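One chain follows as structure tokens, the form predicted on its own.
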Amino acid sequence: MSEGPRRRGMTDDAGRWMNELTAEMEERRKRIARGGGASRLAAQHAAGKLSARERLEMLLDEDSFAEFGAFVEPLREGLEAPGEGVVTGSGTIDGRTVFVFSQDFTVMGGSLGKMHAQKICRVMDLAVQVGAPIIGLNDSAGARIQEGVDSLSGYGEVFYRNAVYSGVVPQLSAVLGPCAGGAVYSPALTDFVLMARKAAYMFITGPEVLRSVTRQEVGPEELGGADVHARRSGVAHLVGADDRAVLRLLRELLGFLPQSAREQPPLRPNDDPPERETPELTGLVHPDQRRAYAMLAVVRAVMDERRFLEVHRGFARNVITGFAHLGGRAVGVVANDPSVLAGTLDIDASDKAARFIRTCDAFNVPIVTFVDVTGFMPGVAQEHGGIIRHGAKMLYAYAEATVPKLTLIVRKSYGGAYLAMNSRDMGADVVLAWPTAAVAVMGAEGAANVLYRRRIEAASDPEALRAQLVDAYRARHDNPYLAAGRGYVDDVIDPKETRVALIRHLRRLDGKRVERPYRKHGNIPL
């Protein structure tokens, strides 16, 4: 008997069987993709939020997402949690590989169980092995109570990786919904936290618990909303109006960061010529040192296309931090803002700057520092709050950083804050100054009162002598030339040449390498 018909029959049976299996697989996929179902998705949209998968579609390049672990189920039997309440995988942003997880609030409130955590841990491990950023889209009610200690164990696994992988690859967190209890610590351990206004909040202890324990009446937004964390606590680095705005900010922020600590940030060619002068800066600084001006105008004027992404904008506003491109290269910017607290360094400003400096150094982003500072903030509250310890963080961060470091003294640079703002002694590679710069131990009036107190008190006209001595001190010290004469300032430049000079020096520092003594790690004054 011929084998042909029997083989055809077997092939037909196998084909039907495969079709049935494929149909079942597709049905399972559809069920998982629906998450918590149409009604919960509608509630998500009604709250002004996108679904977990919609967020990934908007964040990533079109058709670039490859999902992992779609069929993972909860550890505890009987729980209905399609995809375990989190979508994980990899994709690209502007053609660069990233690894992502997006918590699904429509599935058990996005609560974290053991298998949910293991899905997140898998993408984190793969990201480090590949050398690519980790992006977390957080929208979770917190630990899954039904799983008890297994849920806590899951959080521990995630936190451990956040810490061990810190500085290895960039870790970015977007908080797009509730984030309460232990759940807040994973975003807090990452490099940048972005929050959606109105929809997102973060707190350790919620309003209900506060009400029962302390009798304080406070709502979620007032307790831990995006604006609270952007302006008061400093937890949030960037805030967007909604999911879409936050996801756009994530894409923009990633453009300044490398794939990993082993690589350099991507270049961004543009049409802004390196030789462009900045004449608008010539008359910006007033002879009266008490007159404020917009330091942001200085920063924007010299950067490519005058674009600047300010980070931590609402927090500790006396110091400006953020990213830009200079001659096509990504740079981190630290600057005093003389229009806020005269640009002095206080506890929060020191923390803000130190953290930013260390982040730039971890990911090979050169640092450009713009200086106009009278000193550290005086006062009992600052002293008792630990300004010594917090100010030391800035000193430590600049000294520790091995990336190219450029400093421009725009106006005042006095006392210990002169050192904290990346002086030559603290490791600056190049220090430039405008002719308006004043480098001294303290301002002329304070110095004259200390140095010549007895002469002034004994004078027949104390005020006239004080004014004379202040003018004399200012003529000698309130300029950049004494410091330049000692080699602490490399060059005094015309403000209109600022962009040209910074780009020239930045290019010549390309490939800088620094060898440091062996150590397990330093001990920053926390």
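Note that the structure is predicted; figures quoted are calculated from it, not measured. Numbering starts at 1 and runs along the sequence shown.
Keep in mind that the form predicted in complex with a small molecule is not shown, yet the notes after this line are about it.
Contact segment among 95-103, 374-382, 452-460, 108-116, judged by heavy atoms lying within 4.5 Å of the small molecule in the model of the complex
That would be 108-116.
In the model of the complex, the one of Phe370, Phe363, Tyr398, Tyr155 near the small molecule [non-hydrogen atom within 4.5 angstroms]
Contact with the small molecule in the model of the complex is made by Tyr155 alone.
Here the chain is shown alone; which of Phe308, Tyr165, Tyr293, Phe159 has a heavy atom within 4.5 Å of the small molecule in the model of the complex?
Residue within 4.5 Å of the partner: Phe159.
Is Arg40 close enough to touch the small molecule in the model of the complex, meaning at least one heavy atom pair within 4.5 Å?
Judged by the heavy-atom cut-off of 4.5 Å, Arg40 is in contact with the small molecule in the model of the complex.
Gly83 near the small molecule in the model of the complex, any heavy atom under 4.5 Å?
Flag for Gly83 set to no.
Using 4.5 Å between non-hydrogen atoms, is Gly332 touching the small molecule in the model of the complex?
Close contact is absent here: in the model of the complex, Gly332 is far from the small molecule, nothing within 4.5 Å, heavy atoms only.
So in the model of the complex, is the small molecule close enough to His237 to count as touching (4.5 Å, heavy atoms)?
Judged by the heavy-atom cut-off of 4.5 Å, His237 is well away from the small molecule in the model of the complex.
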